[in-house]
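Single chain ahead, by itself, as structure tokens, in the form predicted alone.
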């Protein structure tokens, strides 16, 4: 089970020390996950530790390409409400 960190990663380093299989690789634009090493924390933890600590919604995808912290999951703000607020701010 390999996870993926996408370009919205801000390289905050929160996940780096938590990965039990040391599958997270530091690169210039953002971190990457070595698919050969990533176990998704199966056998070690109930949840993938990188996704559990990640402060960026949607930055880590599961093996199906689905965000493990989807938009709204960390802030509690539904995506539609956030979009409406951003549109209102932009209109000012």
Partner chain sequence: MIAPQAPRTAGCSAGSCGSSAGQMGGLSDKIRAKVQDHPCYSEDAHHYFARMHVAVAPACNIQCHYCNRKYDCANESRPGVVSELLTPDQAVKKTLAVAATIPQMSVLGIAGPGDPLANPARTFETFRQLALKAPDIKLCVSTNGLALPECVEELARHNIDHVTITINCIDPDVGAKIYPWIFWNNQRIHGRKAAAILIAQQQKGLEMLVAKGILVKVNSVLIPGVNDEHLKEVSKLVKAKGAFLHNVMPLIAEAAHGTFYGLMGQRSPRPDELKALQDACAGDMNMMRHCRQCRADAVGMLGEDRGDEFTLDKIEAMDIDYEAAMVVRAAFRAQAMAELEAKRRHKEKASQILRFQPRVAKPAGRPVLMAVAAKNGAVAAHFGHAKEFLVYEAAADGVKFVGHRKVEQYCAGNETCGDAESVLERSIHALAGCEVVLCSRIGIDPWRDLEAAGIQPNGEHAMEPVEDAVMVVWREMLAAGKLDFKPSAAKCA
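Numbering follows the first chain given and starts at 1. Note that the structure is predicted; figures quoted are calculated from it, not measured.
The protein also exists as the form predicted together with the partner chain; that form is not presented, and the subsequent description refers to it.
Taking the partner from the other structure, the partner chain in the predicted complex has no heavy atom within 4.5 Å of any heavy atom of residue 34. Contact annotation for residue 63: none of its heavy atoms lies within 4.5 Å of the partner chain in the predicted complex. In the predicted complex, at least one heavy atom of residue 74 sits within 4.5 Å of the partner chain. Interface residue remark: residue 25 is not counted as part of the site for the partner chain in the predicted complex, having no heavy atom within 4.5 Å.
Using a 4.5 Å cut-off on any heavy atom, the residues of 10-27 that reach the partner chain in the predicted complex are, in sequence order, 10, 12, 13, 14, 18.
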